[in-house]
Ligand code: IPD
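Before any questions on binding or motion, here is one chain by itself as structure tokens, the form predicted alone.
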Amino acid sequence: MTHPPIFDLDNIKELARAAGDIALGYFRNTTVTMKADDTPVTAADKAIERFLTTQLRQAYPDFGILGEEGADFDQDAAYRWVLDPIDGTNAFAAGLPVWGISIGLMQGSQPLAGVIYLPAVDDCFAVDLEGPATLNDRPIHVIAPGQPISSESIILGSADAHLRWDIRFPGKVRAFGSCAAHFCYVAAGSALAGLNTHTAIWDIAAALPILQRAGGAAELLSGAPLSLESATRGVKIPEPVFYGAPYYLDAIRAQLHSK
């Protein structure tokens, strides 16, 4: 994998924080509307994507951009920014704190680096082209092996997990409403694993390299490899994405059964 000719992680962190300031100006003062694909959007989503697109096109003119709210430039570029202006729009609109700005860099179907900033709690997860994943500039890692799964263990699920699966996991199942945040919390060792449905490329373009560089792994719930080829063309991943500390995935998968 080659490195892009220009890339400045500190610059992307600054953009994410500036986008977070825009979001906080709308926080607890906005309403949700539904798009044609039945996904939610607010004025903040649109304003942030416009801001990020403008800034990134100026700073990285040879890179493409793909955004959840319609940004689509230079699809054939060697490198492409993938944007989720607010991951967790419903939580954002409800006044809940777990939502964030996601900026991922991809080469083809390979995520390379990214930043996920959660403005309401001022947490910035990031990963450069090399080196560890970080939370507020301090390295993070998934939960270490050898810890027994108990009633205090945590996995993170989609909000409708109780409707889709018979979950025999002995610990806690939590859903905060942001796929990107879930990936980051697993990467930081706050939970063993996570499960996400209806996954689009902007949900995980920044989250995947953060998770992987923190020692985590992601695959399909069936155990099949996670391929992003079709997802980079805007197609949602057809099967739930299952991710976490790799040495716990098989044991947790055995405790999830479709209804």
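Please read all numbers here as calculations on a predicted model, not as lab measurements. For every residue, the number given is its place in the sequence shown, counted from 1.
Below: the form predicted in complex with this ligand, not depicted.
K.L.:
Give me the residue from G108, G189, P132, G177 that has a heavy atom within 4.5 Å of this ligand in the predicted bound form.
P.N.:
Looking at G108, G189, P132, G177 one by one, just G177 meets the 4.5 Å heavy-atom criterion.
K.L.:
Does at least one non-hydrogen atom of G114 fall within 4.5 angstroms of this ligand in the predicted bound form?
P.N.:
Judged by the heavy-atom cut-off of 4.5 Å, G114 is well away from this ligand in the predicted bound form.
K.L.:
Does at least one non-hydrogen atom of E49 fall within 4.5 angstroms of this ligand in the predicted bound form?
P.N.:
Answer no; every heavy atom of E49 is more than 4.5 Å from this ligand in the predicted bound form.
K.L.:
State yes or no: in the predicted bound form, is some non-hydrogen atom of T232 no more than 4.5 angstroms from a non-hydrogen atom of this ligand?
P.N.:
Contact with this ligand, no.
K.L.:
If you check in the predicted bound form, is G88 within 4.5 Å of this ligand, heavy atoms only?
P.N.:
Contact check for G88: yes, within 4.5 Å of this ligand in the predicted bound form.
K.L.:
Pick from 22 to 30, 219 to 227, 56 to 64, 197 to 205: which stretch has non-hydrogen atoms within 4.5 Å of this ligand in the predicted bound form?
P.N.:
Of the options, only 197 to 205 has residues within 4.5 Å of the partner.
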